[in-house]
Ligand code: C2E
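First, one chain by itself: the form predicted alone, in structure tokens.
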């Protein structure tokens, strides 16, 4: 718009100069008198009528030009407003109308205060509200949270960098006051909210850092607050943590682990190992459970409890699972045709409506019969994604794939899940098996689970069998399958074939 205004002004000056010069010349040489005399001498040419028409045409053209210029000015202004709106949208969250991550980055480029503080806030329980009541309720909850933060800090910079997280940047505030204000935020965000006629409660985890104690600039303090938030999330609901040096070390270690995990998934170095599952009556191997194992280049073994959580956090879990399942299906094709493959699915994966199709592609690519695959699902996954889980379980079982309820008794609403979902196998969690010989209460729980499974006609697998006495007890109580260090630890695919005889029949290991 500015360039157009500059060019228009330049043209106006030049044209005005031409007009003034022409007028001066016309006055100096009596141009109109000479022109009128010429018209009178040539009346038969109708020059007066012709120039009258040209004059009217010129006036109309002038009016037309004025209207077009007006339209152009209006269009330019509309374009400027659109550009301003686009710029605003690029820097703000349209839902809460707070600055987004890009807006946060722009703000951090400004000079930092000498004294200030940062709060990094995460809503506790937001995902549960979003899943249970729908995305519209989740949006309303975020809007309400943003409004409450504005009321608490009317003059502070407040942003929503993404998801259910908020960032507050404060000036001229000491660390003790920052802690008090953080406690106030937790109390306000924890107040119940009415959404769609329902009473909903969430909490807030907060990490805080101060300038200059934890960082010379707001950007450095924000990085410290992010590390403190990670620590606050590990506490119970409504956690509040002030940054400590060791938190940055943990954050650095976490970032290093995530980068190593990305490289490992890219290189497909995380491999499935297989723990045997034993028929407690015959002592024969009837299946293997695939367990992910990762050794880094220096020989360090990374615990699955660590890297599986990191894979879920970074979104790598889907690709990693596809790799492991495809490889496990290929390995299972080298076993006797009656030996099954058990494979775990994480709670996050069960929320993927395309999960069943991905499983089908893996077994089809390897040529593994569906009845030889057993998919294990945890109770917590069923509670989190009940509708999707129901559809996935139904699709898997219709294809002939067995479905096992893993870690039975450690999750939520186990009995209701047995009524709602259909399972082929129940796996007793190792925590009940560990002390069942010494602890009478544990013994009663094991007997109850076995009785429940037998009454429902569901096969029972006991995990964590480490002693001969445990195996004998489970066998006497009617447990079908045992799994644990008594029968063997998880082993590479090459070693599984040694458990079978030369004729390919299942070997007895117990």
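Note that the structure is a prediction, hence the values are computed from the model and not measured. Residue numbers count along the first chain shown, from 1.
One more form of this protein exists, namely the form predicted together with the ligand; it is left out here, but the text below deals with it.
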Would residue 484 show up as a contact with the ligand in the predicted complex if we use heavy atoms at 4.5 Å?
yes
Can residue 305 be called a contact residue for the ligand in the predicted complex at 4.5 Å between heavy atoms?
yes
Is there a heavy atom of residue 346 no more than 4.5 Å from a heavy atom of the ligand in the predicted complex?
yes
Indicate whether residue 279 is a 4.5 Å heavy atom neighbour of the ligand in the predicted complex.
no
Within 4.5 angstroms, counting heavy atoms, which one of the listed stretches 390 to 398, 291 to 299, 170 to 178, 93 to 101 is next to the ligand in the predicted complex?
291 to 299
Using heavy atoms only and a 4.5 Å cut-off, determine which of 406, 124, 331, 374 is in contact with the ligand in the predicted complex.
406
Note: exactly one of 244, 130, 314, 275 sits with a heavy atom within 4.5 Å of the ligand in the predicted complex, namely 275
Complete contact of 327, 362 and 424 with the ligand in the predicted complex (any heavy atom, 4.5 Å)
no
Heavy atoms within 4.5 Å of the ligand in the predicted complex is the criterion; list the residues of 430 to 451 that meet it.
430
